[in-house]
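The data below hold one chain only, encoded as structure tokens and taken in the form predicted on its own.
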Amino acid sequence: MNDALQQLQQQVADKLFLGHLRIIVVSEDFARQQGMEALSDFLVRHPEVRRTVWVVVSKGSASDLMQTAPPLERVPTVYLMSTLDHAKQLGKLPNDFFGMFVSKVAMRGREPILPYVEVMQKDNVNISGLVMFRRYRMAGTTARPFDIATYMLLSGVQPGGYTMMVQIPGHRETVMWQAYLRKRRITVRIENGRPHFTVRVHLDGNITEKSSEGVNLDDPRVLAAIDDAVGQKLRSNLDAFITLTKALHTEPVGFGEFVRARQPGYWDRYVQTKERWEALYPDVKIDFVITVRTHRVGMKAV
């Protein structure tokens, strides 16, 4: 990396200044085959590079993503940076910038993640998921539409921002339910020589739309049924996300850090290293206690 910048410096008149660097794009092939270690080492050592710079993994070539030029934005880099910043503000993307990546790599009970971005039609950019790492090398990507929201819920990241379509139990009608607040609490105990986690999660949300006039949203029983349906969908998403991370042998949520903090004797005796925690993680048991509350149904209840 340093040699490439020196070669570039030979071709420009002014001194290169990396203090203005706001986003770094690496290709999926680079993240999977070469990994991020050499790049991260250079960026950490360089005094001009901000720890708040975005790092994203592109589906396909990184140059294709950097050359994306949508009609409403003249500067591709500003467009891409704004897409990430606005997604973070709307609760649709965790604020995992470069400094967070380096910090999580150093943790013994947690692995880093990065946004997974792809170029769509008409030169638009889509944040299609998260890239999960095993130390510096890419382990895999999230596959389900709500995996980003699930990760943010398990990590306790605010605010909520995702909307889901829910069919009202016992009715043909559906509603659009949007979360605006996430809460989670993780406890751990040791059972039969293995960590056993209990994750209590809570979502507060509003109904933003319904498919027809056939259901009265002013009925408390209907709202309770909607809360139950949202909870069932949430449980399915949580189970699928945990299953995926165990299959990839990567642990982005940080359950290992809870073991280190709450069960230090067990960690020091049986785990000690990140490698041992990754080997142990697929066998740990994780139970979910889910509560959901709908607060508002809009200006029109019927």
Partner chain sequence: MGVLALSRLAAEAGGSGAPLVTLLGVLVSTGGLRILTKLGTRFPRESIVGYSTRLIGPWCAAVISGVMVLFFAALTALTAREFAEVVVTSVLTRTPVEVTTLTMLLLTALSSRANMTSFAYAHLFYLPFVMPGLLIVVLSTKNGDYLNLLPLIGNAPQVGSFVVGALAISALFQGAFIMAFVIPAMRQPEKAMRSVLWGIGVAGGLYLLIVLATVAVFGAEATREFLWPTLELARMTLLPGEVLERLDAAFLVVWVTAVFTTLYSTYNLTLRAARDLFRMEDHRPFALFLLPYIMLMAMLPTDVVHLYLVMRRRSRTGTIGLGAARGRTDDE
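All figures in this text were calculated on a predicted structure; none of them were measured in a lab. Numbering follows the first chain given and starts at 1.
There is also a form predicted in complex with the partner chain; it is not shown, and the following applies to it.
Contact check for residue 247: every heavy atom lies farther than 4.5 Å from the partner chain in the predicted bound form.
The shortest heavy atom separation between residue 52 and the partner chain in the predicted bound form is within 4.5 Å. In the predicted bound form, no heavy atom of residue 28 sits within 4.5 Å of the partner chain. Proximity of residue 264 to the partner chain in the predicted bound form falls within the 4.5 Å heavy atom cutoff. Among 48, 275, 239, 37, the residue placing a heavy atom within 4.5 Å of the partner chain in the predicted bound form is 48. Just one of 190, 102, 157, 87 comes within 4.5 Å of the partner chain in the predicted bound form, counting any heavy atom, and that one is 102. Proximity to the partner chain in the predicted bound form, taken as heavy atoms within 4.5 Å, picks out 265-273 from the listed stretches 29-37, 265-273, 57-65, 239-247. With respect to the partner chain in the predicted bound form, the three residues 42, 94 and 183 uniformly fall beyond 4.5 angstroms at the level of their nearest heavy atom.
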